[in-house]
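Same chain, two versions here, written out as structure tokens and called structure 1 and structure 2.
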Structure 1
Amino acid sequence: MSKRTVVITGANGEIGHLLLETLSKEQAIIIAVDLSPLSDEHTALCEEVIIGDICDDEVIRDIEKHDVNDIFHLAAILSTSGEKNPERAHHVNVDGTMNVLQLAYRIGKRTNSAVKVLFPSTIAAFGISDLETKRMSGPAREDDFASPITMYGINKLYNEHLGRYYSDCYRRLSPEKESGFVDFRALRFPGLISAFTVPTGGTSDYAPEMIHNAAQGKHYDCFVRPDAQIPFMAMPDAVKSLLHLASAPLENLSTRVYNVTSFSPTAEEIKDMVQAEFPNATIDFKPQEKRQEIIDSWPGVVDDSKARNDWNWSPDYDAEKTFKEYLIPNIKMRYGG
């Protein structure tokens, strides 16, 4: 079988690193794109590294030289950063995704194939109106609560629709068939936790921040209430789900947007798990009202039965395994102790 040519935008981000390492073991030809240069180790895994902005036409032209099979479009501005500069978030998140979809369409048309676009969407695409509704509602399905309250969530929800449009409806009045050159597939990710990177700019960051600070012996003030609850997932499961969705036969997919989830601890439960491993860790709850509101608008639990049914999704890591087998050993190795 010939090797697949894969583009990863945002390759220097926390999903990008593990995806790059995993895809390189699968012998893919990798074109990495990021604003900042990759480490020498990661650069060595790539056929080409393009340093630049996905909104920049020159970057798009450089990617377009390749007969690409799959694009993992990870580059984005997250929920907290997006609220600090909503216009910039819209530009990067929406215009950047438009560029990627048009690029995929042109490559697909040139190579007469469907270019897959794998897109990390998010629980931020949900918007629950109030805490009572959040507490009373069961696991959120993909079509529930479609009124996100952050620019990032709005951008992601719109991008899900754009992806569906480019895949199934593109130029529907054209005499020639124009759809079918893009095969867009999205995952609504929960908060992600990596042992190797500390995220920046997200609102689910309190969980990884609690863990990484405790491992370094640093005090942590958690910016949400103890009862705050959203779903989380270990980074290896996030990458596994992206790759499984990418390889699922199109005819098995009943939708282009899937929830995936692993476990849904409260912030207090995360604190207890962290302190069980790092008994000297000091963690206080100092909720910041505005960031708390964002967390309260996201579901506590999501229903990922479509992913389970359509492409056999199941996470490898529950909360206990995430802490005991993935986070703690790797984090202790990283910081010592």
Structure 2
Amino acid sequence: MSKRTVVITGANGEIGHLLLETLSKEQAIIIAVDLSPLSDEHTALCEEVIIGDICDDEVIRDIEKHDVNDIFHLAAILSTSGEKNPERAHHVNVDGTMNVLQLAYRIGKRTNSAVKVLFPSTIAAFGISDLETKRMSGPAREDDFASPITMYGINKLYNEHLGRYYSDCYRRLSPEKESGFVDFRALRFPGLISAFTVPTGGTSDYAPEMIHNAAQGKHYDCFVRPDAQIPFMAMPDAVKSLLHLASAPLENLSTRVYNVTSFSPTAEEIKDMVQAEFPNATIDFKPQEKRQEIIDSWPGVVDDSKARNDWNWSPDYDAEKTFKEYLIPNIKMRYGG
């Protein structure tokens, strides 16, 4: 059986690094794409590293030289950055994804084998109209509350539809069969918490910011209310879910877009977990109205039963394990604690 060839866009992020390390152990041929060079360690895991923008035609042509089996399309501008420059976010998030889907179609048609496109979507694709509706609704299913209020969420929701179109409906009036050359699969990720990447002011970063500040003995003003609630997931589970979805037989899948989740604490409960490990930590709540509005538009809990039923999704890290075994020890080590 020949080795599979895998493309990872946005390969220099933490998910990209973890995918590189895991897929190289599986002996995959890896083509990495990023705006910035990879470390020597990660470059050594790749067949080729392409430095450039996924919106650049030359980058696409370089990828297209390969007979690709899977594309993990991670390159994106995230929610907070997207609100600062929505036009740039739309260009990268939408035009870049369109480039990847067209690329997958052409390779799939050339090789007569569907190219899998693994796409990290987001709970930002949801948009709940008001706090009372959020409080009264149960766990959100994939098709609920499809009115996102950020450019990032709008981009991701649109890309989910683009992926469905390229997979199942592409050029449907053509006399020849044109669909079936792309196998698009998306995950609606919750807030992702990393023990190794310093938070940079993202919308869901109040959880890791609490820990990083506590580990350094710094006071922290949390930018959401104590009752603010969204789902979270430890970074290793994010990578696990992408790889499990990639390996699932197509006939087992009932949808192109899946919710995945792990735990859904309130900000107050996160504070309690942090202070249990750092008794001297001082954390106050000083909600910032605009950021709070975004958090309030996202579900407090999501329903990931389709992922559990279709491809046996189950996280390795619940809230207690995430904090006690993954986050706290590694963040303490970072700051010499």
Ligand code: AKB
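This is a predicted model, so every value here is computed, not measured. Each form is matched to the other, and the largest set of C-alpha atoms that superpose within 1.5 Å is called the rigid core. Start at 1 and count along the sequence of structure 1; that gives the residue numbers used here.
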{"item": "Between structure 1 and structure 2, the form predicted on its own", "value": "2"}
{"item": "G201 C-alpha shift between the two structures of 2 Å or more, rigid core reference", "value": "yes"}
{"item": "Rigid core fit then A281 CA moved by 2 Å or more between the two structures", "value": "yes"}
{"item": "Rigid-core-fitted C-alpha displacement of I331 between the two structures (angstrom)", "value": "2.4"}
